[in-house]
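What follows is one chain in structure tokens, specifically the form predicted on its own.
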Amino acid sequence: MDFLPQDVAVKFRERFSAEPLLVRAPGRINLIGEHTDYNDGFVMPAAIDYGTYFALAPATDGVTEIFSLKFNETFGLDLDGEIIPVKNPSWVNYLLGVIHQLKQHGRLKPFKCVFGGNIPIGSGLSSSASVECGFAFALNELNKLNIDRQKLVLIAQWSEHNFVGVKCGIMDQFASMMSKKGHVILLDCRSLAYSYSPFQLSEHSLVLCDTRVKHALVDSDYNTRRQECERGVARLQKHYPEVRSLRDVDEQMLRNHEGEFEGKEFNRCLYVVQEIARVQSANHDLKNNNLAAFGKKMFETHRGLSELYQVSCEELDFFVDIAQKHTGVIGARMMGGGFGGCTINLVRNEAIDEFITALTKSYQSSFGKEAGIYRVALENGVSIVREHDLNMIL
């Protein structure tokens, strides 16, 4: 079930008879730059208008309680005690890790919290990063800890690494916290230097098409890809000692030593090197407001992910093939780790309905499955929802 900020605020008032601080934490998309993060490359994420919403207030009875609307479940804890991961309920570990880290910055006051959201689970829109970032931001505000946003990003990532057990990159949390409405972020995953580029969509929209499948062996395949890249780097270091990662490699260097690679190593490295260069070139396209050139690079990225990196699947390739044949779509690719999830499509406004109809009918006919469709707009990162904003939503 989806929950909007007014749902969270109403439930908080019902349970705790108090006026809460209300915080919105968005999910994210990644326009281009896939599997480049762990190779010290560049990514281009942006926050979207789907999110997780938190209502918090100091606890007048001194008892900390967190209520999940999604699970209809309450978790109580002693903030002065040891904060460690728990087996049940598992959802609370995303929050406990944040509390653990924030306690290093000052004493946290007991509080009441209700949270819920409308990010489609399993769609690759980073609902977990949204939860971590929104909660960290809200507690920082409530306790006046004055921790800056980039530090909160690292706290959110730490929580996922150490309390949830997922060794994610920095992109998801960074996008949820740092995004700027109407812009994408060009993020350097080596230095965390970043800049904003305008994403002007007056005549186009972003449409996510969800295959609603997730094939097995994703984790093992993901780890294999990382290892293949690392082995490729090790081979190149024999000739270029200055190489630290594929970020330091260009395509000519790879081709000079193609015969030295084993198995699929060359293809994996070639895709990453090309994608790192493609992201930087795509950023120039945006600065020149050349969406056609940007969209072409999206198609190129998908081809590389499917043929060289081999992390696509039949359903994702089917979606992109339909998009590429449709005159109203100027760019499309799979988004995320792969083997299922969503494609991201750049579609002319007047063609959206026709494209959605064509894709959903073809998918149902060919695979017997219903596609999920989400139109998204680019939003600011984590922020406080004011009463005026809530009234506008209502």
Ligand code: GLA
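When you see a residue number, it is the position in the sequence shown, counting from 1. Predicted model only: the values in this text are computed from it and were never measured.
One more form of this protein should be noted, the form predicted together with ligand GLA, which is absent from this view; the next part is about it.
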query: Contact residue in the predicted complex, from G182, G106, G169, P85 (heavy atom within 4.5 Å of ligand GLA); finding: G169
query: Contact residue in the predicted complex, chosen from F355, Y363, F339, Y38 - any heavy atom within 4.5 Å of ligand GLA; finding: Y38
query: One stretch from 341-349, 363-371, 58-66, 25-33 that, in the predicted complex, holds residues within 4.5 Å of ligand GLA by heavy atom; finding: 25-33
query: Contact label in the predicted complex: Y240 to ligand GLA, heavy atom within 4.5 Å; finding: no
query: 4.5 Å heavy atom contact, Y196 to ligand GLA in the predicted complex; finding: no
